[in-house]
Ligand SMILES: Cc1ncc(COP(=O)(O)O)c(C=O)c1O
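A lone chain, given as structure tokens: the form predicted alone.
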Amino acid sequence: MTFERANIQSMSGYTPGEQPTENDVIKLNTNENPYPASRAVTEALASIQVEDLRRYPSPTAARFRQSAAAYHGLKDFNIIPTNGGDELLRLAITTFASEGDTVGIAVPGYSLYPVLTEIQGCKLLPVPLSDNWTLPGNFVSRVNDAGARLALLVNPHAPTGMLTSASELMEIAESFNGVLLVDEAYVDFVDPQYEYNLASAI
């Protein structure tokens, strides 16, 4: 006898990418910082009082949310702290897509998207990238025609590194009949002033 949900019993789990253990390897595939912590981080960690570790932190992470909101020019209710980006992805899928709903993604893409979608019992709509690795012009029409409640786009794209412009993302968001989640896990590798020139990349 088994007690897990049928879709969980039959699914394949997430397979992480290669994880080299050598210290002289820069692991861009896991978005790890190749540099040691700054002096400010070291000092902040050194100031932690061990006796304070017996208590749970603020359940709303209020001080962090206020600081992050001020830094980014947002309201604190716009900040949702999670234990890494993967938890936020899971939270978004469980919040915006019910069992049986459709979730659209561009493929190839982050291999965790299909796993999280399957855990939630949703249908996955994979939309292949164009031959030049950009989003196809019919991406929005395809996810809309499928009645997708949620679409996940990683930008800059993994694994190609292609960058979708802010104006194109805005156009997609305004045309899509569901919730568009733009996963910017690798955004720190992009110069904010950079204007992507497709012609120069082909």
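Keep in mind the model is a prediction, meaning the values are calculated, not measured. Residue numbers here begin at 1 and follow the sequence given.
The same protein has a further form, the form predicted together with the ligand, not shown here; the description that follows concerns it.
Contact annotation: the ligand lies within 4.5 Å of heavy atoms from the stretch 30-38 in the predicted bound form, the single such stretch among 161-169, 131-139, 49-57, 30-38. The closest heavy atom approach of L89 to the ligand in the predicted bound form falls within 4.5 Å. When contacts are judged by a 4.5 Å heavy atom cut-off, V154 counts as touching the ligand in the predicted bound form. Contact annotation for G100: none of its heavy atoms lies within 4.5 Å of the ligand in the predicted bound form.
The closest non-hydrogen atom of A185 lies within 4.5 Å of the ligand in the predicted bound form.
Along 54-88, these residues reach a heavy atom to within 4.5 Å of the ligand in the predicted bound form: G84, G85, D86.
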